[in-house]
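Just the one chain here, laid out as structure tokens, in the form predicted alone.
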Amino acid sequence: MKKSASRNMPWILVEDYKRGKGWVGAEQCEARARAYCELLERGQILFFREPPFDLPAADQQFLLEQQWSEMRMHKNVSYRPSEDLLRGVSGNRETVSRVHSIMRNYSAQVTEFLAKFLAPYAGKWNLDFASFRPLEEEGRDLPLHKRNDLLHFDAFPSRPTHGARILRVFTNLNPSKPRIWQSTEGFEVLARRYAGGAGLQDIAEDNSFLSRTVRDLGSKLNIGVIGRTPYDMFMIRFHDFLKENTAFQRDCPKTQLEFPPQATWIVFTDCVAHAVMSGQYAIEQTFLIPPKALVALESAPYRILGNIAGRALVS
């Protein structure tokens, strides 16, 4: 592994892992897999020049050839592996069926790769959604809290993580243009600076506030809220707070990252603040990594926030 030579924020360039072969020797595999897990948990991005798993050119081409603006779709095309369910697109039955097949295969290939590459997590994670993002990000007309071009940490309003980390694997399928991200300071730095203003102490200490907020959010989103922890509630609030904070978005130090065509990158998006400034045609798979699988537990956002609040946010 080595750092990128780019003057932009360095990611870890992974050059010594060959698709279909991996590393030689069980001891080397275990040590490297654990080392990469720790780097990710501490806020690094792992970068591959091309997908380290099978992603057939014919499947990529099919996705690129569709007239997505003419198809009825939501923010993204999503695939739920646990239910084998495709959402976010409708139209011609044959086209939808082919997209479904592509997303199913993609999810399976990424999962197989990660089970070896990040072995300490294998069999312990919860396999979350995969998505395909066919629309140009620059200039998208989205509500404030759904905008991708504002710096934020990921949190799921409808799927509480109970302290599990949000690990995402992205690939830029655009044949000619990079996908441009911006990032800024790390999670602990921003949490210590802004968590108070975002209401961390209220959520940590006031059960009535928490119950009221949970009830109101569930009513607005028409979702169930059973099992939502103070950590989940705060992370949703922190996500929204940072996007709403005009001064932060304008004045915070920013680093630009350019992911070229065919690049694949792995990142914990709950601890790496990110904004997608431009790019079209990206595919992504999300994994939820529970606390019991983590190798650098002190870097987990729920632990950092608990230390700041002075009490546990996850039971």
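A residue's number is simply how far along the shown sequence it sits, counting from 1. In this text the structure is predicted, and so the values were computed from the model without any measurement.
There is another form of this protein, the form predicted together with succinic acid, and it is not shown here; the text below is about that form.
Judged against succinic acid in the model of the complex with a 4.5 angstroms heavy atom cut-off, the residues F170, W181 and V276 are in contact without exception. Partner contact region in the model of the complex: 145-153, out of 145-153, 88-96, 109-117, 188-196, criterion any non-hydrogen atom within 4.5 Å of succinic acid. Using a 4.5 Å cutoff between non-hydrogen atoms, R165 does not count as a contact of succinic acid in the model of the complex.
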